[in-house]
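The form predicted on its own is given below as one chain in structure tokens.
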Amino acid sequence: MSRRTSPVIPGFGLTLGYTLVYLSLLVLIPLGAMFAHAAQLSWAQFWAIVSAPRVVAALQLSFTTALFAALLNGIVGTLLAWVLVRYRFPGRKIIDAMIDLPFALPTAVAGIALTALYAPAGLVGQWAQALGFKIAYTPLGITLALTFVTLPFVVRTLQPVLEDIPREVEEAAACLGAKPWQVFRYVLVPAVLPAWLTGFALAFARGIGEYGSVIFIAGNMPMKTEILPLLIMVKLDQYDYRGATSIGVLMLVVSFVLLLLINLLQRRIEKR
């Protein structure tokens, strides 16, 4: 005879109902409406829109720059989280607070600041131009803007995990004869990798849909530096709602598949 255990705080049915209603109103219904609007097109019409050279170029640019930004933040963000957790030094709290600036700063302000810095006449841009390459109005500038915006996702995801790893574990491994790289490989990496993948996925997803901080530094040149969210705005300005929703559906499906694969990989690592 099975016996149901009561939770400490009852009300599972009510809270689940509120959760599903809230999720439906904010996420499921709007996304369902977008799919329903795109479903008015035939498959041939939908494919003609999403396979247009301009859309393909924007899709490739958005996902490539978001991927490189997430990977760069995966390295730099891990180092920042490690330093903030394991070391105590003057100015540590100031650096820790600065990590959250991209969250609090309006994305348009970030885009203007980055453009002023990396433009050919900017403080950094003029030195880059003297060396023979450009930063602003290139994919490199877009990657730097996405790196700035998505850095907190990696750092804030890794910090709690690093704080929960006892230093005694590393010291014990060293006492047993493990070299520093072996401690890193067999002690730290298995504990940190699931959280690292979570931070990477969050940064990657944010980078794909980022708009405000990118449009100023991108230059918005079709087939060169035009990102996918901007192309959707162009379609809306032209009252091409079917084209905009088709691109949105494509963007949503590709992002969902990539995030699903990352989550499956994360769960597999956690089980191992």
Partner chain sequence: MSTVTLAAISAARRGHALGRTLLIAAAWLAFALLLLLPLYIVLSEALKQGLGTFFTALIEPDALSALKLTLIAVAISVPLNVVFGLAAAWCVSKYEFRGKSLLVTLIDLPFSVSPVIAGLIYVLLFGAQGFFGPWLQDRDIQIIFAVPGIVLATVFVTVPFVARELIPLMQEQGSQEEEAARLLGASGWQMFWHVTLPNIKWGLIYGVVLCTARAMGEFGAVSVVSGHIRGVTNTLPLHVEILYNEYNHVAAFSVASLLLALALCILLLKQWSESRLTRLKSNAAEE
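On a predicted model such as this, the values are computed, not experimentally measured, just so you know. Positions refer to the first chain, counted from 1.
What follows is about the form predicted in complex with the partner chain, which we do not show.
In the predicted complex, the partner chain sits beyond 4.5 Å of every heavy atom of Ala191. Residue contact check for Leu114: one or more of its heavy atoms lie within 4.5 Å of the partner chain in the predicted complex.
For Leu80, a non-hydrogen atom is located within 4.5 Å of the partner chain in the predicted complex, even though that partner is not displayed. At the 4.5 Å threshold, heavy atoms of Trp47 stay clear of the partner chain in the predicted complex, well away from it.
Interface residues of 19 to 56, taken as those with a heavy atom within 4.5 Å of the partner chain in the predicted complex (partner not displayed): Thr19, Leu20, Tyr22, Leu23, Leu26, Val27, Leu28, Pro30, Leu31, Ala33, Met34, Ala36, His37, in sequence order. In the predicted complex, the Cα-Cα separation between Leu261 and Pro160 shrinks by 3 Å or more relative to the displayed conformation. Distance between the C-alpha atoms of Leu261 and Thr157: shorter by at least 3 Å in the predicted complex than in the displayed form.
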